[in-house]
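Here we start with a single chain on its own, the form predicted on its own, put down as structure tokens.
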């Protein structure tokens, strides 16, 4: 019999729905895993979303009170996709109840909050996971393997970025994501966290940074409470409010292994729509990958190629997990397939009682870099990375 694992999801917006579909899809796409996630309960402050979860997603029950969910004995995993400002209270309560925890990034609304959450989970001895789903693109995993095998030689340069479209519309609503008191930092927590994690996943720990920030869109139309998402827009003449966290962060970085690089994130830029990308160079080759074309990798390994220059590699069933979704080469997978792989990796770790990667420790490593970026944009100087881990 497949191993049954009870799932409780807190927050049923678009990300909570994506997570729920991912758990539900594991037995269909990965029958060999022999795992049966059960959607036991959902918690959301919007009763319509609770009803949707029960009627359309297969949750056995729903509630507007997340405490009821965490107290249930038939829930093994608490999955947190609520707004960032709630993460610490939810994660600490789940850890205290002995639940394994998956939390969307940023795990904490601030680096200090991430440290407190990581400590609570570590003391409770629960298995954790963090939503750095871009790690799971098959060609990103392939790049990581090539690095581990030494196929690029000694790495020298890394350029990582996440340029997203969601804030470029100047009439986009002033959702919680644009407010320091609700979201914490802006792109630093929201999408720079992905760029930091990817950089450290591929190149290892970052040693020091020098960074800058900017708010390009100073005001936005006020939303109607309880309605809409951060992709919706207001109209000229609507009342506006002040944006209180940053649209842009840029940094020069030095890695512990001597690699030099840059990291950038911007939510208000025109042009890129969801460009989570990296370029890396070594003494024997180079690679470039962009989430907007997640099934393509530009690869340059001159000692292994018959011609000079970059070669385009297409993803396919030769690469890890891809074949579970579609056979052959050149047949594409998408964003939610990465979320399904992420859910599979986490739930397998839970079923086997072993640590998962990326976990809250990885989230804390990214938060420690983010904290150094904040110190740098305040000091105007290079700042060393100081681990925020609480012992």
Ligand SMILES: NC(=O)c1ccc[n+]([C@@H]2O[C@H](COP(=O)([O-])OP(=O)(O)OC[C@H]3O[C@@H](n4cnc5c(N)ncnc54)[C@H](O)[C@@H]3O)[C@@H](O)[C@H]2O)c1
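Numbering follows the first chain given and starts at 1. All values reported here derive from a predicted model rather than from experimental measurement.
Not pictured, yet referred to below: the form predicted in complex with this ligand.
Enquirer: Could you tell me which of 46 to 54, 354 to 362, 24 to 32, 320 to 328 sits within 4.5 Å of this ligand in the predicted bound form, going by non-hydrogen atoms?
Expert: In short, 46 to 54.
Enquirer: Could you tell me if residue 83 has a non-hydrogen atom within 4.5 Å of this ligand in the predicted bound form?
Expert: Looking in the predicted bound form, residue contacts with this ligand include residue 83, since a heavy atom lies within 4.5 Å.
Enquirer: In the predicted bound form, is there a heavy atom of this ligand that lies within 4.5 Å of any heavy atom of residue 370, even though the partner is absent here?
Expert: So residue 370 does not count as contacting this ligand.
Enquirer: Is residue 216 one of the residues lying within 4.5 Å of this ligand in the predicted bound form, judged by heavy atom distances?
Expert: No, residue 216 is distant from the partner.
Enquirer: Wondering, does residue 281 line up within 4.5 Å of this ligand in the predicted bound form on heavy atoms?
Expert: Answer no; every heavy atom of residue 281 is more than 4.5 Å from this ligand in the predicted bound form.
Enquirer: Given that this ligand is left out here, which of 76, 190, 264, 247 has a heavy atom within 4.5 Å of it in the predicted bound form?
Expert: By the 4.5 Å criterion, the partner-contacting residue is 190.
Enquirer: Going through 321 to 351, which residues have a heavy atom within 4.5 Å of this ligand in the predicted bound form? Please give them in sequence order.
Expert: In sequence order, 335, 339 come within 4.5 Å of the partner.
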